[in-house]
Structures are given as structure tokens and as C-alpha cells.
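We begin with a single chain expressed as C-alpha cells, specifically the form predicted on its own.
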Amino acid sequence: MNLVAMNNVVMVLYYLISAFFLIAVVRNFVKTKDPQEAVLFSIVMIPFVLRILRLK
């Protein structure tokens, strides 16, 4: 397995992990009734969304 293929595998796994955590935070965001927690969850979501969109 060459380095390019390993890099692609790691990149795909990285985005899958980011998507998993984003989905978990979105589920908590939807379930919460407390506005303060909703703001907290939305702030936590920002880095994961940016990673999935490949923005830094």
C-alpha cells in the first residue's frame, strides 16, 4: 500500500469520524429544550461543519 492510498484512507476515516460527532451533536441539539444548551450545541457544531466542508 503506497503513501497516497494510506493518506486517502486516513482522510476518509477523518471525515467519517467528524460526521459521526456532528450527527451526535445535532441529535442533542434537536432534543434539547433549554435555549442555553441549544446555543452551546450550535457553537460545538461549527468546527465539525467546517471540517466536513474542508474549511479551516
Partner chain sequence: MNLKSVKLAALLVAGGLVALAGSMFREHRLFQEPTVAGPGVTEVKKLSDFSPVVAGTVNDCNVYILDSGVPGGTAFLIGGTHPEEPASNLSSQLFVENAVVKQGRLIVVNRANTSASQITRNGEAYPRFYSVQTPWGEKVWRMGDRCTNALDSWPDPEVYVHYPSGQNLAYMDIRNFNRTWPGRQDGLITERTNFAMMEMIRNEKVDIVLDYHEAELEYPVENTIVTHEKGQAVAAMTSMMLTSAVFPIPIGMEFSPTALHGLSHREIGDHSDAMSLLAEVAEPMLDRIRGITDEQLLMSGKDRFVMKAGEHKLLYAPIDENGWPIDIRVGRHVTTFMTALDVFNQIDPSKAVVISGVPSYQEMVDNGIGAYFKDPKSAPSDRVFMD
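Numbering follows the first chain given and starts at 1. None of the values given here were measured: they were computed from a predicted structure.
What comes next is about the form predicted in complex with the partner chain, which is not displayed.
Colleague: Does any heavy atom of M11 come within 4.5 Å of a heavy atom of the partner chain in the predicted complex?
Modeller: Judged by the heavy-atom cut-off of 4.5 Å, M11 is in contact with the partner chain in the predicted complex.
Colleague: Can you check whether A24 is within 4.5 Å of the partner chain in the predicted complex, heavy atom basis?
Modeller: The answer is no: A24 has no heavy atom within 4.5 Å of the partner chain.
Colleague: Give a yes/no on whether M45 approaches the partner chain to within 4.5 Å in the predicted complex, heavy atoms considered.
Modeller: M45: contacts the partner chain in the predicted complex.
Colleague: I'd like to know if A19 sits close to the partner chain in the predicted complex, meaning any non-hydrogen atom pair within 4.5 angstroms.
Modeller: A19: no, not in contact with the partner chain in the predicted complex.
Colleague: Taking heavy atoms and a 4.5 Å limit, what residues of 24 to 56 are near the partner chain in the predicted complex?
Modeller: Contacts from 24 to 56: F29, V30, K31, T32, K33, D34, P35, A38, V39, S42, M45, I46, V49, L50, R51, R54, L55, K56.
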